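A single chain comes next, written as structure tokens; it is the form predicted on its own.
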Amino acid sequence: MNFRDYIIEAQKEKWAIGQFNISNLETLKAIVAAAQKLKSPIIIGTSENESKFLGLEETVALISAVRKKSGLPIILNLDHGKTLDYIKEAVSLGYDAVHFDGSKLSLAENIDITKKVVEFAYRKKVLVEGEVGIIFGSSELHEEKIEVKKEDLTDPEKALKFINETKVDTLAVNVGTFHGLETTGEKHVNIKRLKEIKNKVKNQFLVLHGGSGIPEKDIKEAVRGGIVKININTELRLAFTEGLKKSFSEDSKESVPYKYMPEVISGIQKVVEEKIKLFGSNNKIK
């Protein structure tokens, strides 16, 4: 089964595939270990900054090697690609999917560039994710409260127009979430708006960004409401940091990375396993 087969099945059976972002080998090891254990398809995401840190070509080679060794259906996705040129580079080097984030542009500009992304990507049989409605924040802890206003949410009519004109495979929508986590409080999914969007776009595959820190109840309702892909990044970064802190206690004299990294990998793997079970993608590999 390829990625499209899995999202078709996910929509039909009401479960979602997790996209887990990486910027280092340890995080990748943890994600793959969790997916192998739970027999789950996975999407590995790299934002522009993460992919620039790792290297586009190096990331493709790394995923190819891990895919071959593990036998897992791993999809490599460029997350929040901001320019057509960078997306073209990722596609040409071997990314399986790309996300063009033109949400800060006018709808007309967003549609125009997304159509160019789709035209180029489809020649290589690469899937395209578009975005309508700005999803605020970044994948970190926010000291100040992020308020998602009603006017920030994705407009169902604009979503339908975007889909009809661009022919994207998946669509990221703003249904009340944001990237990252607040130091206090939690974020919620606006299920009412999600249902309005889904009723308008029908069978279009919808994506939830900012999946870290959302209550389990909201996640389950979002999946039942039509979300087939959920992006997780901040919780993995926090697990990485906490793992390092545990490895480096005050009396620690360890200086060999491969000896203190298992604690880090274990913590990240635990988070990924919890998400896979929550999303319902465990035991879905055919």
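Small disclaimer: the values here were computed from a predicted structure and weren't measured. For every residue, the number given is its place in the sequence shown, counted from 1.
What follows is about the form predicted together with 1,3-dihydroxyacetonephosphate (13P), which we do not show.
- Note on the interface: of 36-44, 22-30, 227-235, 254-262, the segment with non-hydrogen atoms within 4.5 angstroms of 1,3-dihydroxyacetonephosphate (13P) in the predicted bound form is 227-235.
- Although the partner is absent from this view, G180 contacts 1,3-dihydroxyacetonephosphate (13P) in the predicted bound form, with a non-hydrogen atom inside 4.5 angstroms.
- Taking the partner from the other structure, 1,3-dihydroxyacetonephosphate (13P) in the predicted bound form has a heavy atom within 4.5 Å of a heavy atom of K187.
- Contact check for T166: every heavy atom lies farther than 4.5 Å from 1,3-dihydroxyacetonephosphate (13P) in the predicted bound form.
- Although the partner is absent from this view, S139 contacts 1,3-dihydroxyacetonephosphate (13P) in the predicted bound form, with a non-hydrogen atom inside 4.5 angstroms.
- Residue in contact with 1,3-dihydroxyacetonephosphate (13P) in the predicted bound form (any heavy atom within 4.5 Å), chosen from T170, T114, T154, S212: S212.
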